Ligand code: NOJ
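Presented as C-alpha cells, the chain that follows is alone, the form predicted on its own.
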Amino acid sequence: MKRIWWKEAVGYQIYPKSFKDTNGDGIGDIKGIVEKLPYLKELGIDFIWICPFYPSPMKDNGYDVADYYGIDPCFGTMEDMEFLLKKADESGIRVIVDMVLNHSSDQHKWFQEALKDPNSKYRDYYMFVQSKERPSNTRSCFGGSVWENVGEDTWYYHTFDKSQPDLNWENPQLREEVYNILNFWIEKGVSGFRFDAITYIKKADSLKSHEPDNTDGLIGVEKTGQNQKGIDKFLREMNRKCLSDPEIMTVAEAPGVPYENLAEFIGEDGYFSMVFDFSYADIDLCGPNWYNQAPWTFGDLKKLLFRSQCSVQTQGWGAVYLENHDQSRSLNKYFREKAAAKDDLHLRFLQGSALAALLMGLRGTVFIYQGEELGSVNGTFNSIEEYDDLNTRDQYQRALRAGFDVAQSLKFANDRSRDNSRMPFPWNEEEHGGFTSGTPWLKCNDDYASICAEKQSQDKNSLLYYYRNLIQVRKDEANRECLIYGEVREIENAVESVIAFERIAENGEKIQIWINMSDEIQKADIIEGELLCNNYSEFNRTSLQPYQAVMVR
C-alpha cells in the first residue's frame, strides 16, 4: 500500500463561525483557530478542514460565496489566514479548506454583472434560460423549483437556495476561473480541499421535465442532477490542472456515485483522494423529507457500514466520519431515545467512547467534527425562530404542509437540524462556554458547562482523554499496518446489536474491534491478545457490557 500523509492522518473539521470568537462579536474567527492549535495538537490532529470563510452574505452560512479570493470580515483578514497557515505548519498541522464550486452567492460580482448585462461574458458563467414557462419541473435541495424568474421570461438555475445560482461548468472560461481559484489557495499554502456538492456540476438530465415524485409536481434534483454522464470531463480536467500532486489532499462530497463506479473517483488515477459516503450517516431518513424518518435496526446499520467499507477498500481510499456540519449529533442519531440524558455523564462517556472506537477502527482517513470528542449532543430549540439554518426552516414548512402539527414539525427539525452541530464550541464553564465574550450568533447548548474542554482536559477518565488515547493507538507503529492499511472484514457471527470486525494487515497481523451498541449485556467471541482499548475497567472475552467497546491485537 502506497504511503501518503493523508492516508495516515486524523483530521478535524472546524466550523469557524462556532469554534472560537476572539473579538466579542459573537462569531468565531481565524484568530480563534490559531489560539486553539495547541488543543488540536494535544488531541493528536494532523490536519484541519475549515468550512467556508470567504466573503458571503451568509444566507447559507458561508456556502454562498461572494468572493473566492477573500476572507469575510467577520472571520478576519487575509493576513490572519496567512498567519494561521504559518502557525499550523509550525505545529505540524496541515490545513485543507472548503471549496464551493457548484454555485456562488447571488452577490458575487460575476452574477451581479450577469444580471446587469445579458451580453456580458458573465451571463454564461451561470445557467440562464429564456422561456415563458418554468423550464423544467426539477425540485431544489432546499425545496421549490430550481428555477428562479428574474423577469422578461428569464430564469436561472439553483440546485440549493435561490441565493445560490449554479455555475455553468459547460463554459471553458468559467472552468479556467475555477482552476485559478484552486491554484491561488495552493500557492497560499493550503494542503488540499474538501469539495462541496461537486457531483451536481453537470446538469444534463435536470434541464428537462420528468415524472413527478411528489404531490408538488416536481422531481428531486438528487434524481436528475447528480453525477450526470459527462461529469468525468470536468473532474479529470480539474485534477490535471490543479490537483495532480499526490501531496494535495482532496475529499469530495459526492452523492450519487454508485459503489461500482467509485474507482473513477478514488482509484489509482481517480479525480480525488477520497470521498464521503453518506449511506450509513443518512440511515435515519427515507428520502429528502425529514418527516419521513426511517425505522432502522443495528442490523441495518451494520449492513450499510460494512457494505461501504468493503466496497471502498476494493476501489481506492475512503474518508470515515460520524458527524459533520450537515448532520445532527451522532450520539442522538445512533442511540436515539436511549441516548444519555444531559445529566448522565457516565452513560454519555460510554456511548461516546463506543462510537470513538468504531470511528478509529474503520479503514480510511478519519474525520472528527468539532465537539464530537467532548460528547456533544443535539440542542434544544423551542421554536422555529431559534434556528438559523435555512434548510431547517424549509424542512419545518414541508412538515407543516404534509399535515403535521407545530410540535411534530419542530421535533423533526430538532432531530435532524444542521444547527445541532453548529452550536458554539464549549471551551470552559464561563458564560457561553468561553466561546465569546459577546452574544453568540447561535445559542449554546444547555449542557456546555458539564462537558467543556477545560473540564475534560483535567479528567483522565473523560471522553476527551479517550479520544487522545485512541488516536495514539491508531498511529502507534505496532498497530499502523492493521488499523490504517489493513483489510476490513466483518465478524458475521456477532449478535445484531454488536458491531464486530477485524482489521487484517498484509502480513496476517490482526486487530479485532467489538462494540456493543445496546444497553444490555451481549455475547462475544473475542480473540486472545493485547487489549488496546476498553471503555470499562473489566474485560471478558465472551461478553460485552452495555455500550462496551474493546480493541484487541
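Computed from a prediction, not measured in an experiment: that's the story for all the values here. Throughout, we count residues from 1 along the sequence that is shown.
Another form, the form predicted together with the named molecule, is not on view; read the next lines as being about it.
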Partner contact check in the predicted bound form: of 516 to 524, 28 to 36, 57 to 65, 490 to 498, the stretch with a heavy atom within 4.5 Å of the named molecule is 57 to 65
As a check of understanding, the residue in 202, 333, 325, 175 with any heavy atom within 4.5 Å of the named molecule in the predicted bound form should be identified as 325
Checked 349, 156, 265, 142 for heavy atoms within 4.5 Å of the named molecule in the predicted bound form; positive is 142
message = 160, 196 and 422 - do all three of these have some heavy atom no more than 4.5 Å from the named molecule in the predicted bound form?
response = yes
*Please check if residue 164 has a heavy atom lying within 4.5 Å of any heavy atom of the named molecule in the predicted bound form.*
yes
**Request:** Verify the contact flag for residue 80: yes if a non-hydrogen atom of it lies within 4.5 Å of a non-hydrogen atom of the named molecule in the predicted bound form, no if not.
**Result:** no
>> With a cut-off of 4.5 Å between heavy atoms, is residue 100 one of the residues that contacts the named molecule in the predicted bound form?
In response: yes
Even though the partner isn't displayed, in the predicted bound form is residue 302 close enough to the named molecule, meaning a heavy atom within 4.5 Å?
no
Contacts from 237 to 262 to the named molecule in the predicted bound form (any heavy atom within 4.5 Å), listed N to C, are 253
